[in-house]
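Heads up, the chain below is alone and in the form predicted on its own; it's given as structure tokens.
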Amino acid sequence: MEFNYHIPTKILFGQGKLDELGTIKLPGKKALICITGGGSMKKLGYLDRVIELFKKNHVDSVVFDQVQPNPTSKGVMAAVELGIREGVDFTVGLGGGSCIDTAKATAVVIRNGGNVWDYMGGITGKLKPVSKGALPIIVISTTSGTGSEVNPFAVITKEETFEKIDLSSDQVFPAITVVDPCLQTSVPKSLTAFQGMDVLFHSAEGYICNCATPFSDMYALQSISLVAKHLIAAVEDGNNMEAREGMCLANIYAGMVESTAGCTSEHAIGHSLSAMHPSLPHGAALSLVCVECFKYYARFIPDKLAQMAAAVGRRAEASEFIDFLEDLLRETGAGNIDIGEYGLDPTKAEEYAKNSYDVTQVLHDCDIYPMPLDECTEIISKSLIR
């Protein structure tokens, strides 16, 4: 047995933890705060609270408010330009995974120079090492979904070439992550559902991948169990603090799974769909293909699916885990996706599949039993013909 374990992030977890930003030691004197352009962080008062807490701690800030739901290389470079012009010395992701990943990627480019795609892989990336480190990063999460709070990845899309892939470096582990469930009560039902499905698959894929470790297995089963217990309740009542807190913890565990194991072909497919259709939420892409993906996995690793079925309180049989997925999709509404709304085309199944291999072969390589292109195409086709 051999594995590495390294998660250096300081986590502030619990109701009211946001306020500690006004008293703890911060990693710099001027912050670049990354938020989405939709305005929710401003409308809910979260941005003003963070700015005031920083002021209380003698830290200035500037706001980049153009983050997109699937953050792009152009968006990152706009944040970089602002950060350099304003002389910031750390970055902050305030919001969901898109804001966090933008803050991470921006921190790399400000410190190392060049273009963000210099540090990416995929088809056109140069995979340059992050040799000069990165600016310190603070994460203030307002959703439970991506695990970016505690992982060394930033997922960015290059729209021109339909590439959606990770910037992967230990340098983008956040220095401090604040997980305050009170900030998540306003998340809409649909986003709560899609984000929760992303949590589930970070953990489930990490459990069945060929790079799983004893640590990732432990976190994965706990995360899967928490999703089964709390996601439906969080969707039904956003003010249910027990459910919100449970999903926050599930997400942190899932991020630790990502940091110590990996994802599989399901995520490769999900990235392909949302790269080619940027308005498609990542969790929705995974929800579309999850049942067919896990039917495929059940043919080769039924014991792993049976163990996950037991973790969600079902009989220890592979088919029970697939039944659980179908029930969860129905009860949370995550299965009610109009593919036409996002421009998805079942006749392009092979094109989507090929893109997933071209851009994220690394995820396909994490399957215990490699998924052939024709099987991948069939999975996508079955998932989109609804």
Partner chain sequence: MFSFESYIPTRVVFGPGKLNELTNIKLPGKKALICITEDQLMRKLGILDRVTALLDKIDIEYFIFDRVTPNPTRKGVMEASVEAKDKGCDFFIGLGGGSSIDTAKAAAIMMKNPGDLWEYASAGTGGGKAVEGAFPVVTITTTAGTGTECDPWCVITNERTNEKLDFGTEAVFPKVSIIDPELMLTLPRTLTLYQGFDALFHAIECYIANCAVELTNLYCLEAVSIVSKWLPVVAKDGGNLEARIQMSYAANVLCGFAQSLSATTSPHIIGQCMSGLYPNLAHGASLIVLAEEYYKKVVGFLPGMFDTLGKAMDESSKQDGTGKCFLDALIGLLNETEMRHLPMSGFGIPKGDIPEIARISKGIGFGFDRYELSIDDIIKILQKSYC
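Positions refer to the first chain, counted from 1. Only a predicted model underlies this, so the values are computations on that prediction, with no experimental measurement involved.
The same protein has a further form, the form predicted in complex with its partner chain, not shown here; the description that follows concerns it.
One residue of 266, 163, 149, 245 in contact with its partner chain, assessed in the model of the complex (non-hydrogen atom, 4.5 angstroms): If I apply the 4.5 Å criterion carefully, the residue I get is 245.
In the model of the complex, which of 231 to 239, 216 to 224, 106 to 114, 195 to 203 comes within 4.5 Å of its partner chain (heavy atoms)? Comparing against its partner chain in the model of the complex, the contact stretch is 216 to 224.
Consider residue 369 of the chain shown here, and say whether it contacts its partner chain in the model of the complex, taking contact as heavy atoms within 4.5 Å. Looking in the model of the complex, residue contacts with its partner chain do not include residue 369, since no heavy atom lies within 4.5 Å.
Could you tell me if residue 119 has a non-hydrogen atom within 4.5 Å of its partner chain in the model of the complex? Residue 119: no, not in contact with its partner chain in the model of the complex.
Heavy atoms within 4.5 Å of its partner chain in the model of the complex: does residue 249 have any? So residue 249 counts as contacting its partner chain.
Spell out, yes or no, whether the shortest heavy atom distance between residue 364 and its partner chain in the model of the complex is within 4.5 Å. Contact check for residue 364: no, nothing within 4.5 Å of its partner chain in the model of the complex.
Could you run down 1 to 40 and flag each residue that has a heavy atom within 4.5 Å of its partner chain in the model of the complex? Contacting residues: 1, 2, 3, 4, 5, 6, 7, 8, 9, 10, 11, 12, 13, 14, 15, 17, 20.
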